[in-house]
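In the form predicted on its own, a lone chain appears below as structure tokens.
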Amino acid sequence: MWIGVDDTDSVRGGCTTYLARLILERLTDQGFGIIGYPRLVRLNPNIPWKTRGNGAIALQVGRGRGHKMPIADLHGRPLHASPVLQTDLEEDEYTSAHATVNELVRAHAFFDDKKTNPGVVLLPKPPDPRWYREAVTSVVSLDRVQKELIKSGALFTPYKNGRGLIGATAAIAWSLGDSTYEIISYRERSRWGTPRSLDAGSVIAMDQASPSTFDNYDYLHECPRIAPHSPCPILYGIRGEDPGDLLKARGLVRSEDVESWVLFHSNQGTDDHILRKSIREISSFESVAITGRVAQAPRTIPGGHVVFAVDDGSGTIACAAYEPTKEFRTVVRGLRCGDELVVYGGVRDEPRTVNLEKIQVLGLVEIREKEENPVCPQCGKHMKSRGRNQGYRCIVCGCTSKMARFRTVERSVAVGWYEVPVCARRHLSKSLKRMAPLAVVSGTG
């Protein structure tokens, strides 16, 4: 049996992953077994009605087999999961688990926030992976999801407008592929909403000792990036490619007391949200990769944002490096008309703009600037211009020439990859560290 939950948090607090921690505790107390790692699945980051990080959770419950693996520590109580399902739940257990999850959602979701619309889904098996693909790349109709759940024999509960059913279903439908992990440590309840105590030096040491982890520390801006800034229950989360390394990495971080931790399997840092499309094909709220040439030179607009335009032959679209992307804007300012590149980012509705996450520079135009007017071969003096595109003439002897002396301007940008700094990176964006050795240039950290 699969359980999916989404849309329980708020900008004022709460966390759907913490609800996963509570569900794990309650279901294992009731004798249910956990199969595999619980899932943290990020969905379309451009959805305007999302709460915060647009992350849903899912977990598989049943009786398993195989060597068990650590997935959590719940206030001093270690929790393990079986890697493979052996037998599924009976019908009465299915109903009991549904009631337990709904009880926890009703107790902990932020129902008074107008953007919080929880959904709980229980399915005997994952639905078609297309439900995940659609939810991470586009806007999905709630009506379509509900019809699919009814058709699949799911137990599901919508709260308020029920939009959380979309994410809950997508989290179950996620078919892995490229994937990462995140180990999330939670705070003691008495500390929720207070400033977090986290030793920055230990985060640096952890980052340097744990090469399979990523996005831990922003060295350019000298700040840890593993702790959220919201009043949620999370103390910190470490992301990486190896669950064993994450368990070791957690032990290197010095902080306030940790109440519990959970190790999630995730689609974070995978670029699963990116669609390769022509400009003519793109829609609002998508995240795209567009190959084209710079059609309008970069310019800085009020607020410190840098904007330029790309043309791919099917159309032209504005691309923006917003102020929070910091020094990434310096890279963008170095682009010139005719440069060939691939731009990655989310499509803003109005005005239609690609909010840049990273760029791959494929080719650079040669820029030449006049160094000096030609020198008269007879008089040795510089000639004077005869007017636009009319060449040059020596005012002493009348000797003429068509060519001035030019030099090639050294470009500030090289062929390669550039990404926004860690402090501006989206959950789903694949960092250049994860793309190595393809990403040979990391211009912004």
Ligand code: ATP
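The first residue of the sequence shown is number 1, and the count goes up from there. As the structure is a computational prediction, the values presented were derived from the model and not from experiment.
Beyond what is shown, the protein has a form predicted in complex with adenosine-5'-triphosphate (ATP); the following relates to that form.
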### Message
Within 4.5 angstroms, counting heavy atoms, which one of the listed stretches 255-263, 301-309, 128-136, 324-332 is next to adenosine-5'-triphosphate (ATP) in the predicted bound form?
### Response
128-136
### Query
Is there a non-hydrogen atom of W49 within 4.5 angstroms of a non-hydrogen atom of adenosine-5'-triphosphate (ATP) in the predicted bound form?
yes
### Query
Wondering, does L341 line up within 4.5 Å of adenosine-5'-triphosphate (ATP) in the predicted bound form on heavy atoms?
no
### Query
Could you tell me if L59 has a non-hydrogen atom within 4.5 Å of adenosine-5'-triphosphate (ATP) in the predicted bound form?
no
### Message
in the predicted bound form, is there a heavy atom of adenosine-5'-triphosphate (ATP) that lies within 4.5 Å of any heavy atom of V420, even though the partner is absent here?
### Response
no
### Query
Of I71, V120, A109, V140, which residue is found within 4.5 angstroms of adenosine-5'-triphosphate (ATP) in the predicted bound form when only non-hydrogen atoms are counted?
V140
#### Entry: Residues of stretch 21-39 in contact with adenosine-5'-triphosphate (ATP) in the predicted bound form (4.5 Å, non-hydrogen atom)
none
